[in-house]
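Form predicted alone, single chain, as structure tokens, below.
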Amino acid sequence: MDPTAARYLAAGLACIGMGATAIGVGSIFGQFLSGALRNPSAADGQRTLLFIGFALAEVFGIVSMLAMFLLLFFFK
């Protein structure tokens, strides 16, 4: 296999993490909204956990994007 083709293939596989991040963030906010509609009085207490989960999911996406850029532009 050509090294350039392998580099592009590896970068494409690293982008799967960004798609998984979108699914994770949607799931986090969807589950929070479902729980907040069932019990509105408990929603304020769970808001900090919502933002922590959002931040952790976004970190996963940023790390996978960083890996993609490293594979494309750093390793030649």
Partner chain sequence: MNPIEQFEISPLKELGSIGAYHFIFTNSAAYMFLCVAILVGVTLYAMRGNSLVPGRLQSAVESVYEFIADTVRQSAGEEGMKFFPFVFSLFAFILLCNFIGLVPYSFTVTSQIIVTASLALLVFAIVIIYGFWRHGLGFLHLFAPSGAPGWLMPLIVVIELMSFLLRPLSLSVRLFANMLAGHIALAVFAGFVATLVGAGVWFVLAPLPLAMTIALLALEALVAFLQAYVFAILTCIYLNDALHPHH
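Positions refer to the first chain, counted from 1. Please read all numbers here as calculations on a predicted model, not as lab measurements. If you superpose the two forms and keep the largest set of C-alpha atoms that fall within 1.5 Å, you have the rigid core.
Form predicted together with the partner chain: not shown, discussed below.
**Q** Is residue 69 a contact residue for the partner chain in the predicted complex, using a 4.5 Å heavy atom cut-off?
**A** Residue 69: contacts the partner chain in the predicted complex.
**Q** Does residue 9 reach the partner chain in the predicted complex, with heavy atoms at most 4.5 Å apart?
**A** No.
**Q** Please run the contact check for residue 65 against the partner chain in the predicted complex: heavy atoms, 4.5 angstroms, yes or no?
**A** Heavy-atom contact with the partner chain at 4.5 Å: present for residue 65.
**Q** Using 4.5 Å between non-hydrogen atoms, is residue 27 touching the partner chain in the predicted complex?
**A** No, no contact at 4.5 Å.
**Q** Spell it out for me: taking the partner chain in the predicted complex, does every residue among 44, 55 and 59 have a heavy atom no farther than 4.5 Å from it?
**A** Judged in the predicted complex, 44, 55 and 59 all sit within 4.5 Å of the partner chain.
**Q** Just checking, between the shown form and the other one and with the core aligned, does residue 28 shift 2 Å or more at the CA?
**A** The answer is no, as the C-alpha of residue 28 shifts between the shown form and the other one by less than 2 Å after core alignment.
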